[in-house]
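Take a look at this single chain, the form predicted on its own, given in structure tokens.
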Amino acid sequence: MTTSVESVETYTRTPVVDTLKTENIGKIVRLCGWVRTRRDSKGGFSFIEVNDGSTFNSVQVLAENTLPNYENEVLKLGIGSSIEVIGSIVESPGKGQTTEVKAQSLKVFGYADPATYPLQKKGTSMEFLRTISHLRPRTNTFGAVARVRNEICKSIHNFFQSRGFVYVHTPIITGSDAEGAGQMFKVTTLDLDKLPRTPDGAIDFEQDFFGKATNLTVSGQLQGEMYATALSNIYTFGPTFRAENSNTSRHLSEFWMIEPEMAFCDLEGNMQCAEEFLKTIFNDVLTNCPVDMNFFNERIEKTTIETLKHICDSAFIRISYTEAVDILLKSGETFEFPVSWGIDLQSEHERYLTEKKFKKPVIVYDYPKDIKAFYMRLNEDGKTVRAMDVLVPKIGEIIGGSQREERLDKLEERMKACHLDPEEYGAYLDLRRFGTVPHAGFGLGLERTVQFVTGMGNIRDVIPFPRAPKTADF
């Protein structure tokens, strides 16, 4: 039994994705969305393509000239106009579509002037779309990016929640630098034109809002460790900030990080978790976003689906840093950055290992201590630490992590060697004084992951509103 037009309540909206399902043929629906195209027929009707972002595909609306507002409103609809259609889902006689909506009424919410609306039926560069980030999600590409990004986020939460991890919100404003890099954005309420000074001429941060120098966080790891040493398994998922003046296709100043931390866990357990984590994300995207992923595979990067499937089906190779360097030295390859023990592996080295040597994802572990952060557990050789990087084709490193240094004396030695004041990390050191445990964790950049999955060429196109040097619009 079909529903009458009058019984379709105003709050009930049928998403486009549901109007495209053949099992819904015969139903009366309230469809709302934005016009993608309008074609008028001499027979006295118009075909209007409508999309609401619920799916990559649009639904065709058949609007006949018997509608009371056909001449005055329907024939004025341009791309970008927003409408409400109440009508029935019918089988479509057109090629490439199974259903369409036959309009019984059509209401215009808002017109978009074709003379000024910047998204028309023509090719548009990614550079231009970044200047209209408020409108670019209406395009096929950026709608697909948003849905894939959403699926990845959902998969991340499901992965950890299903394994008993506790989601912890770590602070965005912090007084410490987890990486020891110093490239941080300062947070202050001081009047920059009248900065208070100490007797020796330094800025007097005691007069600032927090009474000390503070910054935007580069990582939630240190605070995550604090909760892991009470709740065992936790993860953080939030924005992080790096004040690096990097204008590349792989760098952002604001990005989202996922950082699990596991108590009673060593490097082996850390590597296993990271492998399962990536496979789960990629499998979920392939399973739940088939239309969007087919678009990326056809229009953006023709091997993205094949690459993801290969990763899901592969056992990750595990080699030490020393073994990796030996392989690179014997490869016969000419690298832009020469290889020697002690260097930080570059993307070209990582990609050789995963694309040419093993043709699989590779986890490299036990890196030289001098190129890694202070908190990583020192190995017995005194030269390397229990660090790991997960490498995948096309980009190299996608995950970085380590077993943490749980021994108080070793941690203090490493901090001093890195020119960090242990007194500024009193709370962090307390974790080693009061019931210390072996623990490990890693970090995954959300945007790097979305870029890898979609094949998008620039990381600024996989975050809604990119923040980069000289870029803070919208």
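If you're wondering where the values come from, they're calculated on a predicted model, not measured in any experiment. Note that residue numbering begins at 1 and tracks the sequence as displayed.
Quick note: we don't show the form predicted together with a small molecule, though the next part is all about it.
Q: Can residue 448 be called a contact residue for the small molecule in the model of the complex at 4.5 Å between heavy atoms?
A: It does: once the small molecule is placed as it appears in the model of the complex, residue 448 has a heavy atom within 4.5 Å of it.
Q: Answer yes if any heavy atom of residue 184 is within 4.5 Å of a heavy atom of the small molecule in the model of the complex; otherwise answer no.
A: Looking in the model of the complex, residue contacts with the small molecule do not include residue 184, since no heavy atom lies within 4.5 Å.
Q: Does the small molecule come within 4.5 Å of any heavy atom of residue 45 in the model of the complex?
A: No, residue 45 is distant from the partner.
Q: Answer yes if any heavy atom of residue 259 is within 4.5 Å of a heavy atom of the small molecule in the model of the complex; otherwise answer no.
A: Yes, residue 259 is a contact residue.
Q: The chain here is shown without the small molecule. Which stretch in 113 to 121, 326 to 334, 400 to 408, 286 to 294 comes within 4.5 angstroms of it in the model of the complex, by heavy atom distance?
A: After filtering at 4.5 Å, what remains is 400 to 408.
Q: Give a yes or no on whether every one of 155, 277 and 310 sits within 4.5 angstroms of the small molecule in the model of the complex by heavy atom.
A: Per the other structure, none of 155, 277 and 310 touch the small molecule.
Q: Looking at 321, 227, 159, 375, which is the one with a non-hydrogen atom within 4.5 Å of the small molecule in the model of the complex?
A: Only one listed residue qualifies here, and that residue is 375.
Q: Only one of 351, 251, 360, 138 has a non-hydrogen atom within 4.5 angstroms of the small molecule in the model of the complex; which is it?
A: Only one listed residue qualifies here, and that residue is 251.
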